[in-house]
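Take a look at this one chain, the form predicted alone, written out in structure tokens.
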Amino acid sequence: MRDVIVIGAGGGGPVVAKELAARGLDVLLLEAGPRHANPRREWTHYENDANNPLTGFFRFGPADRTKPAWFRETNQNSFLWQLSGVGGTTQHYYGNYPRAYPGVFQGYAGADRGAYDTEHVFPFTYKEMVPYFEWVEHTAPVQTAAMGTKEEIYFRGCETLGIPVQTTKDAKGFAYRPQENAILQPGGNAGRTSDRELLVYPKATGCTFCGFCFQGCMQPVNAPRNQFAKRSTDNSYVPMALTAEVWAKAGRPITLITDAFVNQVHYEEKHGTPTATGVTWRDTNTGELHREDATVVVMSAGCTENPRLWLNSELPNPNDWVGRGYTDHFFDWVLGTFDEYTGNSKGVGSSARCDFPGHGGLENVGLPPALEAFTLALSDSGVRGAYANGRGKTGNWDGPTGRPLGKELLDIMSHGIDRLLNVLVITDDDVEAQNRVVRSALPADRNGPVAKVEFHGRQRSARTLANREFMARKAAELLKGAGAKKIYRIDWAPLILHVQSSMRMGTSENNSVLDANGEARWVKRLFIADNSALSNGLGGPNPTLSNQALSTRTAEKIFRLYFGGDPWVGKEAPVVSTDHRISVRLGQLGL
């Protein structure tokens, strides 16, 4: 009998595991995918090696590459970018940690309050959330991003937009700024040389500008795992959870089991109330089933797998909101070609952004060649100018939206990957009930019926569509101001990343799954802690910080409600994940 079982070691689960391990609880962390304990031996910097959905080392599938990836059904033009393994999608993110916009919280009284999704706000105030932001920002740690040529050109464009530089972590209006980023600042020789012999820890610390953020992080060479530059949870929260006894006064290290796919959450009636009691998980190597019981169960398997697991476990769903409200920031890309060197593929992936509260945000994203080609290829308009399909919009970019093909694509790419500048449009999209996860009617896999994701890009709300157009035009204006010679807009089809809210926390029991504590409304002792618990699309900012801040808050609620403890955020000083004691203990454990 455990105190707590956490399902999933992605962006949120390790946060709950680490915080409760620091309080001395017996925590079991189960992860369906592998743990890449030695990335330098297991990974490469090649884009296909990492991201191929069938064979890549980050694919959503078992550790054994001879076995097929786990299947999911999408019945529209879209790309579902799920990952397995410790770290989850934080293995390939760009480390961006902006705070959510204040307008998406209950009690917001700003003049622009009507510009947000007011039907789906967080059930508490922004003021209450700030200490949790600060706790995570210190733990990661979050710093001002290291920048290079592409950011210099991006800021040149920002200066023409007529908006100020933002000087605080809180977004209070239209502004531009360096990213708040969880990639360690370069130290020693990093950033000063390309000599590999000089980029070895401790001669170099932090980011070495290798330019492969999307393939995971294994830099600097020979650094302890908690000193790797990018603060994915496999480099930050998981090492802390595994070593809790050395940095927390009452700490107790967690038990981490990987290749352990949970296929059922158990519950029983206690005092007339459904109550979670444990889980059954399957060893993906041997096929053996195991049962574990606990006082509290935390689901952190992600926006697609949490609804699937819930439905397959036949847990209560009286308002039919399990799996609904799936949001994704309705991404789009606008890119410009330049005659000058932009450093598109060099250095930290994304270090500059613009915030447009009430509409969304823009950020620069540098891409290596294969991912650049992929970015240019996923469009709801089809081939640029070739189809009369109701898309192919025109605006302050050059020609209609769509994917360039043939000679045009050849011209763009042969112009030079480092003469491009990409701007990612991140829309503030509404929580919409019809965007959802259901159980597929296709054949089940070993873990039961698989997830079907219904996410139609053309059925968004009028506010979401207007926000996307506003942001795309701002992106084109920025690129023009920066000096782009030609500007393309892709009109991306849904790329299901940044997904949020499919098991949302809300103010009303009519359209939410979780109460204000993060506990399931209809199953006691069952909590959810990851992007799926977020109440809305945050106004547009990247979700990792808000996910981890909310997961920290949820850990406190668990400790107070079921273990008689007191909250600690705002009362204690957080420990930074790069703490020397953690590095030493990891070495002793061979991790």
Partner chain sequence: MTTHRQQLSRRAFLARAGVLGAAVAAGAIVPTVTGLPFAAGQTKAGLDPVIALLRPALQELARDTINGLTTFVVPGSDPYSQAQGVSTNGPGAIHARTPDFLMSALDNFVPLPNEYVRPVAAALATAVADDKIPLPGDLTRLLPLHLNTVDEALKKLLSTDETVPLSLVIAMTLNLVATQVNPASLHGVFVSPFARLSWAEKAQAMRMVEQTDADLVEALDVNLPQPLHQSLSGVLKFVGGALIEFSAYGSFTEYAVFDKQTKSLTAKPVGWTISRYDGIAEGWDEFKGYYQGRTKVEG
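If you're wondering where the values come from, they're calculated on a predicted model, not measured in any experiment. Numbering follows the first chain given and starts at 1.
Separately, the form predicted in complex with its partner chain exists; it is not shown, and the next lines address it.
Heavy atoms within 4.5 Å of its partner chain in the predicted complex map, among the stretches 286-294, 111-119, 82-90, 366-374, onto 366-374 alone. A single residue from the set 434, 167, 461, 273 has any heavy atom within 4.5 angstroms of its partner chain in the predicted complex; that residue is 167. Taking the partner from elsewhere, residue 430 is found to have every heavy atom lying beyond 4.5 Å of its partner chain in the predicted complex. Using a 4.5 angstroms threshold between heavy atoms, residue 405 counts as touching its partner chain in the predicted complex. Although the partner is absent here, residue 346 sits close enough that one of its heavy atoms falls within 4.5 Å of its partner chain in the predicted complex.
Residue 145 belongs to the set of residues with a heavy atom inside 4.5 Å of its partner chain in the predicted complex. Judged against its partner chain in the predicted complex with a 4.5 angstroms heavy atom cut-off, the residues 51, 180 and 379 are in contact without exception. Residues from 185-205 that approach its partner chain in the predicted complex with a non-hydrogen atom closer than or equal to 4.5 Å are 185, 186, 191, 192, 193, 194, 196, 199, in the order they occur in the chain.
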